[in-house]
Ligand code: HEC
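The chain that follows stands alone, in the form predicted on its own, written as structure tokens.
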């Protein structure tokens, strides 16, 4: 009576791991209609591999059968050619995998991102609540009432900008400051007609005061690296900076009343 040829333990291990991997993916994709997070899948697969290894090496005979092909590959002179190929391919694959995981990517994400996300109706800053639909720059009125004072306020805003903002947004407000090349996404170009020219001053106040962490979900996956400036500037300084931004670029702020 001929004895059935059993599948080698090492091949069994590989088949089980591959089968479990695709089972997890199918369960999440078909049954739950969502992609399984990579971190969760990695954790599951570590448990699976560890569990199968413990079962296969429970006995001395099983352990020998599992490591036998690996031991033969290393020690058997007749497998020199295969051994050399494996010892070249495996490090190359490991190096390529490490490289692809570590190399930074500057490509735009597949998901859609809103450059100017819809602001909240209300937000908190400086220990109080602001309503964006009614919030106005308290210094804007001096543009008509007292042009000389308005010019002083704009100059003060310019000083604040140079001390705090030009490193990213640039001396010319074109988004090309000395730190800009190290940021992704890059800082906004205020000279562009598609930026502050399309916004209300209250919108700028909200964005500057709350920074990147204050952005809503639709601004993801590229979250702004702008600091939470309410932690570094006063409320008055932010309003003066906003005056400077519009004055320098020659733009006029939009009004909620005209929307």
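Here the structure is a predicted model, which means the values were calculated and not measured. Residue numbers count along the first chain shown, from 1.
Below: the form predicted together with heme C (HEC), not depicted.
185 is the sole member of 138, 120, 147, 185 with a non-hydrogen atom lying within 4.5 angstroms of heme C (HEC) in the predicted bound form. In summary, among the residues 191, 230, 224, 57, the only one with a non-hydrogen atom within 4.5 Å of heme C (HEC) in the predicted bound form is 224. Using a 4.5 Å cutoff between non-hydrogen atoms, residue 143 does not count as a contact of heme C (HEC) in the predicted bound form. The closest heavy atom approach of residue 132 to heme C (HEC) in the predicted bound form falls outside 4.5 Å. When heme C (HEC) is considered in the predicted bound form, residue 41 lies well away from it, no heavy atom lying within 4.5 Å. When contacts are judged by a 4.5 Å heavy atom cut-off, residue 154 does not count as touching heme C (HEC) in the predicted bound form. Heavy atoms within 4.5 Å of heme C (HEC) in the predicted bound form belong, among the stretches 79-87, 93-101, 165-173, 121-129, to residues of 165-173. Shown here without its partner, the chain carries 48, 50 and 62, none of which come within 4.5 Å of heme C (HEC) in the predicted bound form through any heavy atom.
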